[in-house]
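Before any questions on how it binds or moves, here is one chain, the form predicted alone, in structure tokens.
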């Protein structure tokens, strides 16, 4: 990267901290004021910075518009799919990707198990919101008032003896999921199906999607499935890094 471009880009995180005058910019960049002014003028011409009436500079509206446009054009499914396929090839079990939209949690991608026993989940189909691991992950990221409002409106079907019984129990589990950063469904929807999941986060740290690995107990026990949690979380973290544009650590 050229020195000029590097210096110009270094101004943006400085102004993200708050408005700064010419002297502060020059000091941070360790350049003469004339150089800093030239860089600021270029950024100003492109709408990336704005000069206030007090002669201080702040981030420009064009920068926010570009960021919003980039976020809107991100397709989490497109980014996640190769990672889901790779995970499936390693462990062999069904892998799902889900999002929360209009008060429903929907599967938006699925990679089938290589084992003969298959799951009947379908892309575009709502999940069992009170028991599914992906649903718990997506709802756990909401604010406490939002979680409570949703929980109190839900019905709590008793699919199995392990299904979530009521709103109080659901809210308690969402709190645990929020703190630990992963979720399970161990026979809560179907007695013979177990699931572990992890969240996918955007650049702001909020959960934008959730992924899970599911398997019937005739193929792998619940305890054996839980041993896959580290690789599930690593996959979710890799998707999060790519989706948010953060470099791998």
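Predicted model, so just to flag it, every value in this text is computed and none were measured. Numbering follows the first chain given and starts at 1.
Another form, the form predicted together with the DNA, is not on view; read the next lines as being about it.
Remark: all three candidate residues (7, 21 and 51) come within 4.5 Å of the DNA in the model of the complex, counting heavy atoms only. Between the DNA and the residues 219, 203, 66, 37, the one pair within 4.5 Å by heavy atoms in the model of the complex involves 37. Partner contacts here mean any heavy atom within 4.5 Å of the DNA in the model of the complex, and among 211-219, 195-203, 54-62, 182-190 they occur only in 54-62. By the criterion of a heavy atom within 4.5 Å, residue 33 is counted among the residues contacting the DNA in the model of the complex. Though the partner is left out of this view, residue 3 does reach within 4.5 Å of the DNA in the model of the complex, counting heavy atoms only. Contact between residue 41 and the DNA in the model of the complex is found at the 4.5 Å heavy atom cutoff.
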